[in-house]
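First structure 1, then structure 2: two forms of the same chain, each alone, as structure tokens.
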Structure 1
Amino acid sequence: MKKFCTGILLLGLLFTVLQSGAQDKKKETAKCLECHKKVNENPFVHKPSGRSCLTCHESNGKPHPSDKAEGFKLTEKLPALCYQCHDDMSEGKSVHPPVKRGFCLDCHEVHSSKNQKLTFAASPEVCFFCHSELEKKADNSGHVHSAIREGNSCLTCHSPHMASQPRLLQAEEKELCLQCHDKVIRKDSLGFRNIKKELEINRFIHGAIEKNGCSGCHDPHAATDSKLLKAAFPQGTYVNAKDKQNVALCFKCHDPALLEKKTTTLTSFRNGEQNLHFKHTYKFKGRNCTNCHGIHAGPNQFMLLDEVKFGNWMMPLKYTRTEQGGSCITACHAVKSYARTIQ
């Protein structure tokens, strides 16, 4: 019984001490604010700054204010100070260098801010402050992805601190892109196809997507080439692959020897040693790859298509694969067949 009473007494005492401690801090903070009103003046106030200055500042014994000496020091160095109350952000598959170095104040105000989440500017400006090359690119490229400026801008795709995906990505790249590209997007007078559906209804998906997601071909931010492509690729029916630069995109990953005139190894699209890729593409008004192949996906092996756009017309393409080659009927020609080994 005696022990219990002492316990109660001690607890009571502790409470009183804490109470008066809190009262002291409140009074002290009110005093600080008489001279430092500005620190908490912005609409978004950091909770501890609204409560007590002494959580993070402590007197170093010198008079304050004074011309010579600084009267206050931080109770703890950065970023340890922040990690007293916030989860550690310095570990992860990708960690943003300023976060790794503990430079929280490169992006955040610590007392109060005009912006949510205490950033010194809203996104994308807070990002462009250091990533100015990207801002220049967005200003100067003919094709800019609106996602980098609209809505949550950079934060739609990137975490500002750290992530379990490379490049600080919020989710696996393909999933990230398909969050928006899961429908036909209409913008001004333009329409953009539903890519998620394209990948769902077709049996054969481009290995580029399986292996590298979408950024093997598209720049997610901005590009000189149309469709945000990282290298040249023609729109429309025709291509002249004599200048391989015209189809540079495909040859970022595929061997340009695919278009050698004669071969018995470089492509299976050949008649004997006559390369049918060469024949179709290597001339003025050569056929664009998209006349036969889907780019993201296709219903047949090698993403070969059943119909292709020709002007305003969807032209049927009847391709049949055989052990030694194949045959094809289109509106351009009656049945034509090829065989890799000519008997």
Structure 2
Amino acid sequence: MKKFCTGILLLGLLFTVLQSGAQDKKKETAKCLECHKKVNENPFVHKPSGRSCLTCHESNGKPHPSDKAEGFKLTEKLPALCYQCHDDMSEGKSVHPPVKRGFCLDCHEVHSSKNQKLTFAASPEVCFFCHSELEKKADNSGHVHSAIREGNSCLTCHSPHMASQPRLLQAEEKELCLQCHDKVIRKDSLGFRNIKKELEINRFIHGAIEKNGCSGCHDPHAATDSKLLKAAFPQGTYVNAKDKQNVALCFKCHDPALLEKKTTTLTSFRNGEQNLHFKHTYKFKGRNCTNCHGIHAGPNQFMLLDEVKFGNWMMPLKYTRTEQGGSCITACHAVKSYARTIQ
């Protein structure tokens, strides 16, 4: 019983000492704020700054206040001072250069801020302070990824400190894109399909996605062409491929020679040496690639579709493969057959 009472007494004394210390810190901070009124005036206050100035500052023995010398110094150099409370994120596969250099103050205020996370400006402006080329691109491009201007802005896709993925991505590229593109999206006059569903239900995936992810064809920030495409690609039913610039996006990967009039090697889609890709595209109302092929994926080899949109109608597309070629029937024509070797 005596030991129990002694323990209670010691706990009481400890509590009193801690409470007294906390009150002393509050008094000291209040004294600092008599002159430094503005340091904590913003809505988001750095916790140490709100509790006690002495968490980060200590006297250097010189008179304070004084116009001739600083009377206080940091208790530790940066970034070691920050890492007394925050995790050290300067090592990793992909590290933001300011973090790598230990320049926390390139992005953060030290006492208080108008923004969460104590950044000196909200995203994307805080990012544009260094990445001015992206700001210029977003301002001057006809099409801007809405993720940049909405929600968490740049932080939707990028980590501000470090990440296990290249370019500070929050996840592997395709997985990251499909976190948003897992549903039908309508934006102004544009509609975006449920890409995640397309990739899940179709057997054959576009090699560009498998090899380069989404950024092989799309710019993740802003682009001149619709749907953030990195080069021209027609959106309608018809295209004149005589001017290869009309389908420049495809030729970032595919050889433009695929559209030569005659060939025995460039494509299997030929009737003897007649290139049937040429036949379908080299006319005033040439057929768009998407009249036969899926952009992202398709149920059949070569991403051939079972049906395609023609105006407001979903048109059946029945393709049958044979050993030497195949046959096709659509609403555009009766059954057409082809063979790479003509007897």
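These figures come from a predicted structure and were not determined experimentally. FYI, numbering is relative to structure 1, first residue = 1. Rigid core here is just the name for the largest C-alpha set that superposes within 1.5 Å across the two forms.
Visitor: Could you point me to the form predicted on its own, 1 or 2?
Guide: Structure 2.
Visitor: Examine residue 179 after superposing the rigid core and state whether its CA is displaced by 2 Å or more between structures 1 and 2.
Guide: After core superposition, the C-alpha of residue 179 moves less than 2 Å between structures 1 and 2.
Visitor: After superposing the rigid core, is the C-alpha displacement of residue 284 2 Å or more between structures 1 and 2?
Guide: Stays below the 2 Å threshold, so no.
Visitor: Compare the position of the CA of residue 135 between structures 1 and 2 after a rigid core fit and state whether the shift reaches 2 Å.
Guide: It does not reach a 2 Å shift.
Visitor: Once the core is aligned, what is the C-alpha displacement of residue 49 between structures 1 and 2? Give it in Å to one decimal.
Guide: So the C-alpha of this residue moves 4.6 Å.
Visitor: Once both forms share the same rigid core frame, by what distance in Å has the CA of residue 111 shifted between structures 1 and 2?
Guide: That residue's C-alpha sits 3.7 Å away in the other form.
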